[in-house]
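Here's a solo chain for you in structure tokens, the form predicted alone.
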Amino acid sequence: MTKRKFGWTDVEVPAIGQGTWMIEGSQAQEQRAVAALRLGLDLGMTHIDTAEMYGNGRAEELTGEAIASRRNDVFLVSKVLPYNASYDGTLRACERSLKRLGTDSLDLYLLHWSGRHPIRETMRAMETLVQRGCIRFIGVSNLDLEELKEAQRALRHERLACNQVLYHLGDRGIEYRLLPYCAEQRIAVVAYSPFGHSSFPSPAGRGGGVLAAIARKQGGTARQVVLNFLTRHPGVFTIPKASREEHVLENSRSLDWELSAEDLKAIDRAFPSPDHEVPLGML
């Protein structure tokens, strides 16, 4: 699995990780999800992303089960909900997440999105968590450029390591200003929902046909083409959901080849990036 430095840090993180949104469900579904996460670890997809919001903490519990005895192999990420993100609330939320995950520390802790609590209070709590050894790095999620700058200004002793945002072929708005700024600041961009949300291009459509043609030429799949394209920028990582072993195996092979310049142009034509600033997408 291709690894790259995570933003300004010296930590090498897989370009393609594993997401855990909506992995909870029936006992059979949860058993499949845990097995998929473990397979992903075996394949080198050691970046696992979860959040207290996912299944009201259940996704964290399942993640903890999957990484039991393998914690040192994992770049583990979780998030605090905005309505918990006061100074004291952030500290308590992190403590609860650590307990559900069965670990003493997180590699990265994110504000899930901006809310009513002042960002300076959330970032102050994040720095306290770093000082206490509860987290290694601080990040944010779903923040547009101005919100991201505000979070940066609120930090006194630490630096932002990442911004996790919606990024897929149908929503390339971050490429206009946010992605270049993050590259300049050495802030990692983590793309969630890289296949959209129930909106993956149909093979019968023009865009889907382009992906299918490239996949045939490369000996891969359309989804592998998408992951390859989204991570073409060295500062971008992605976290497709890991709920089935067959999907994890498919995801893990997405960077075994390179898209040609012709491939990149064809995708750009089929899924154009906006030539002006647009509101940040969010699910």
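Because the structure is a prediction, the values reported are computed rather than measured. Note that residue numbering begins at 1 and tracks the sequence as displayed.
The same protein has a further form, the form predicted together with a small molecule, not shown here; the description that follows concerns it.
H197 belongs to the set of residues with a heavy atom inside 4.5 Å of the small molecule in the predicted complex.
Put simply, F271 is far from the small molecule in the predicted complex: not one heavy atom of it is within 4.5 Å. Interface residue remark: R223 is counted as part of the site for the small molecule in the predicted complex, having a heavy atom within 4.5 Å. When contacts are judged by a 4.5 Å heavy atom cut-off, T231 does not count as touching the small molecule in the predicted complex.
Comment: 135 to 143 is the region of 115 to 123, 84 to 92, 170 to 178, 135 to 143 lying near the small molecule in the predicted complex, near meaning a non-hydrogen atom within 4.5 Å.
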